[in-house]
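Let's start with one chain on its own, the form predicted on its own, as structure tokens.
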């Protein structure tokens, strides 16, 4: 982990308020799936960095792809970046997903909700590269919010659920997973807490790993803004930024 400057390669809008940002820099060589970065807004009045998960990693080109949704002034500032701009980042941060938890020939189920979908893409690429089978189940509110369905569909089956039924199956990710005709060996998930809680319950007998979306300020374990209670000892906690964001299901209280 280190602070450095990266160059903006490209940026484009890919869904409602969701941008795809490609950055270049040698820090990419240190990145793994499920980790995140802290990006510094260029506006001087925005003091805190914003945590953004890493969607794709191209170590040969020293480029990484981030997908983020504009939800406030910080991400609105990012949306104004254009090719050639410099971005101040701290990266890579956190403990990500471990593809090796899925063995050669095993079947992994990757479940994402909303802006929790991006980190599953690089994980899926790594799983396929090591000889595992992947199935994606992605949940969104509406068709206007859907992204990366085509990209993930190139790696394995990709099912989409929308709350209003305007794309894919009407309902939630569990509406799809309850109807799957196979039993996964491992489950990886990232998204809203309510979704992670249900995924944890439905796949309690599987090797299940959850990436928490906690609010955080520093991203390096100093501010304690993202603590989550340990299951084995309620008097103790983990810091999602430093000891997560990926935990084994049942390891923390969700």
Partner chain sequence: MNRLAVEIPGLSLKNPIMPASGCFGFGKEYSKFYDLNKLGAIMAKAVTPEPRYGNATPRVAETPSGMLNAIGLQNPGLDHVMANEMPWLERFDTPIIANVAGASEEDYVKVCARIGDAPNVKAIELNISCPNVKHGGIAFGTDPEVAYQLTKAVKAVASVPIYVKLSPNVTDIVPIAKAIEEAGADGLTMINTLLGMRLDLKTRKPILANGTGGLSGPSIKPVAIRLIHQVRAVSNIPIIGMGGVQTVDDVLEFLIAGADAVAVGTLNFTEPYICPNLIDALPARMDELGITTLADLKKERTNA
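Residue numbers count along the first chain shown, from 1. It should be emphasised that the depicted structure is a prediction, and the values quoted were computed from it without experimental measurement.
Keep in mind that the form predicted in complex with its partner chain is missing from the display, and what follows is about it.
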property: Residues 133, 232 and 249 all lining its partner chain in the model of the complex, heavy atom within 4.5 Å; result: no
property: Its partner chain contact at residue 58 in the model of the complex, heavy atom, 4.5 Å; result: no
property: is_contact(residue 236, its partner chain) in the model of the complex, heavy atom dist at most 4.5 Å; result: yes
property: Residue 218: touches its partner chain in the model of the complex, heavy atom cutoff 4.5 angstroms; result: yes
property: Contact of residue 106 with its partner chain in the model of the complex (heavy atom, 4.5 Å); result: no
property: Heavy atom within 4.5 Å of its partner chain in the model of the complex - residue from 161, 158, 146, 90; result: 90
property: Proximity to its partner chain in the model of the complex (heavy atom, within 4.5 Å), stretch among 48-56, 199-207, 185-193, 26-34; result: 48-56
property: Heavy atom contacts to its partner chain in the model of the complex at 4.5 Å, residues of 207-228 in sequence order; result: 214, 215, 216, 217, 218, 220, 221, 222, 223, 224, 225, 227, 228
